[in-house]
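Single chain ahead, written as structure tokens, the form predicted on its own.
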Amino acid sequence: MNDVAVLGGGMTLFRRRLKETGKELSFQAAKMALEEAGIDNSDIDMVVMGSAPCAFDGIHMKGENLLDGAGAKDKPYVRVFNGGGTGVFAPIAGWWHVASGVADMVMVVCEEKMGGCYPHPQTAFQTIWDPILDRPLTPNLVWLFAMEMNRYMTKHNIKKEDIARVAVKNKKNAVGHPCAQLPDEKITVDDVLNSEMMAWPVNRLDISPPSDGASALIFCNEKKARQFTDDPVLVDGVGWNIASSMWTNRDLYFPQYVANAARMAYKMAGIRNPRKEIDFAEPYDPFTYKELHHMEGLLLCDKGEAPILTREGVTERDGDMPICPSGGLLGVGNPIAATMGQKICELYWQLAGKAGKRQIPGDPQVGVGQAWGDIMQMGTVMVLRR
């Protein structure tokens, strides 16, 4: 199996209802990644596209529609999608094409244009529910995750203000991000707690914003990558897992599917003690509690310990275990698949010392990124090492 390096990344603005089409957003992100890597599109052997349901765009065969914008004309091309997990699974797909020797250089482009789904992107999720068990209840994602948040709080006796601190941290971290949709350096815990109640215990500021945007990453055979850099950032481990049982049949206080994916990635990376061997993490944070939930699923702390670490400042950018130094989905935005920009692009930029105002102090060597999708079932994990 070939060792795989990351050569460059790109990321567009994240906003609600950008004027650019999905093709144009894909082109912008791909162009930025190529320029950062110092290569031309002719150097790319194949392209992997990650994008969410066609319903967001209101078109059929969305992957084919985005092909030329992503620079994939006349190249092998594949689209992958597994809900919110796509932002990490798409780069995993890029990795395995290089690791297997199918290609020497692969560009991964992730795009999402949620703003065209009226009256709200939630509309696209109305048909995902089981027609017998779920749909008669007329569910939506917010109240479903409110139940999970409530279970997590109840199991560990967690206070809402400890969860609200995640929104405060991430929106402040996003202030230094050039693509951020909702940075806020003045936000307080009270602002979060006093924002509109959506479905108890979820307030409006507990939720990441719907967004349009795109991101791109270039993966390269390590031997070839050393033609471009003497200090490559390498893919150290990957993992993925999907729970086979319905969300109704599991105790929602712990994301076992994330833990399974993390163990797969850590085994590949030779990591035995994640808390001590990982310098920073980008867990998936579409809701405030999910960052805490996923920290525990990534085995970075004990069950129920993540809120304590957040309260004590351990997860701040200058803390012992920086969590979401990018600003995450809560601060930068949540264009489902394109969150590869915060989760894996950010790992690369931090490890390569290219994160600018967001750069973690010291000299980080190992980072882990994670995404989560489907109805509380899919976990995807990638470890990068410098």
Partner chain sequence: MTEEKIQGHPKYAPGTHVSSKDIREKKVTYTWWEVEAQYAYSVGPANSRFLKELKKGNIVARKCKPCGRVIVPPRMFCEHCYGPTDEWVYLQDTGQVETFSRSYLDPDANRIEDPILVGVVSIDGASPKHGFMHYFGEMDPEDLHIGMKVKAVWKPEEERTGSIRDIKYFKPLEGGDE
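Numbering follows the first chain given and starts at 1. Since we're looking at a predicted model, the values are computed, not measured.
Note that the form predicted together with its partner chain isn't included here; everything after this is about it.
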* Is it true that N2, P183 and K186 each have at least one non-hydrogen atom within 4.5 Å of its partner chain in the model of the complex? -> no
* F228, heavy atom within 4.5 angstroms of its partner chain in the model of the complex -> no
* Asked: Using heavy atoms and a 4.5 Å limit, would one call N150 a contact residue for its partner chain in the model of the complex?
  -> yes
* To do: May I ask you to state whether H120 is within 4.5 Å of its partner chain in the model of the complex, using heavy atom distances?
  => yes
* Asked: Is E20 close enough to its partner chain in the model of the complex to count, meaning some heavy atom within 4.5 Å?
  -> yes
* Asked: Which residue, H156, K160, R263, R250, has a heavy atom that falls within 4.5 Å of its partner chain in the model of the complex?
  -> R250
* Ok, K224, R135, K303, K267: which has a heavy atom sitting within 4.5 Å of its partner chain in the model of the complex? -> R135
* To do: Work out which of the listed stretches, 305-313, 88-96, 197-205, 288-296, brings a heavy atom within 4.5 angstroms of its partner chain in the model of the complex.
  => 197-205
* Would you mind checking 1-38 for residues with a heavy atom within 4.5 Å of its partner chain in the model of the complex? => M11, T12, L13, R15, R17, L18, K19, E20, Q28, M32, E35, E36
